[in-house]
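Given next, in structure tokens, is a single chain: the form predicted on its own.
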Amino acid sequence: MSRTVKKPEERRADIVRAARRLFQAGDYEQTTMQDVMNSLGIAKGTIYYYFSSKEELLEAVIEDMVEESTQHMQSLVEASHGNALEKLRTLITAGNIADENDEILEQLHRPGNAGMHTRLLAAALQKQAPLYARLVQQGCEEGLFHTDTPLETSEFILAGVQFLTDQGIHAWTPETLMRRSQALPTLIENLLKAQPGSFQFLSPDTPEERETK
């Protein structure tokens, strides 16, 4: 029986997907390169041809997670209808890499992995900011927003939200997170020069409101 020879990009993608499954199913620290090799039935020389270490493989998994999330967000925007604000609401609701990646993100939240966590946030910002910027530009054309810098405004909003609400970056207190979350809609409206109340769908429920639901 002849052995299947895969193209380099296909083999690399197989390794990344296998590692991602293993990292999601268990503990990243306990998962070894040998585990990845065993799951694919490949030799040591094959996996180390593409990745020199488990940390480098984790970085590739992170890039894969971000790419998958971005493609999902893109498809939702393309399938959505309405004006830019309605599309942004759909995009913001969907833009959560944590879905189905809890185990990996938990590893990144550990102090020793702070650098890798920062890379995840940077990769997400680089991939997703242009998608938000296109909707901001559409909103400007529709008269909903008013900014000459759609991309930079999107980058600052996303970077601020990522840094100031992610407890993997810092152990923000619940009070601090709530204060920032409550201010976020107005801050975005001011940056985009949008009508007051446009982004109130981002407002967190107060304890009283949660009790009435």
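Residue numbers run from 1 along the displayed sequence. The structure displayed is predicted, hence computed values, not measured ones.
This protein has a second form, the form predicted in complex with another copy of the chain, left out of what is shown; the following refers to that one.
Q: Would you classify residue 44 as touching another copy of the chain in the predicted bound form, given a 4.5 Å non-hydrogen atom cut-off?
A: Close contact is absent here: in the predicted bound form, residue 44 is far from another copy of the chain, nothing within 4.5 Å, heavy atoms only.
Q: Quick one: is residue 131 in contact with another copy of the chain in the predicted bound form, heavy atoms, 4.5 Å cut-off?
A: Result no; residue 131 lies far from another copy of the chain in the predicted bound form.
Q: Examine residue 54 and determine whether its closest non-hydrogen atom to another copy of the chain in the predicted bound form is within 4.5 angstroms.
A: Answer no; every heavy atom of residue 54 is more than 4.5 Å from another copy of the chain in the predicted bound form.
Q: State yes or no: in the predicted bound form, is some non-hydrogen atom of residue 184 no more than 4.5 angstroms from a non-hydrogen atom of another copy of the chain?
A: Taking the distances in the predicted bound form, the answer for residue 184 is yes, it comes within 4.5 Å of another copy of the chain.
Q: Candidate spot 121, 153 and 161, all three in 4.5 Å heavy atom range of another copy of the chain in the predicted bound form?
A: Heavy-atom distance to another copy of the chain in the predicted bound form: all three under 4.5 Å.
Q: To verify the annotation, which of these, 93, 80, 71, 126, has a non-hydrogen atom within 4.5 Å of another copy of the chain in the predicted bound form?
A: By the 4.5 Å criterion, the partner-contacting residue is 126.
Q: Answer with one of 16, 191, 202, 22: the residue that has a non-hydrogen atom within 4.5 Å of another copy of the chain in the predicted bound form.
A: Of the listed residues, the single hit is 191.
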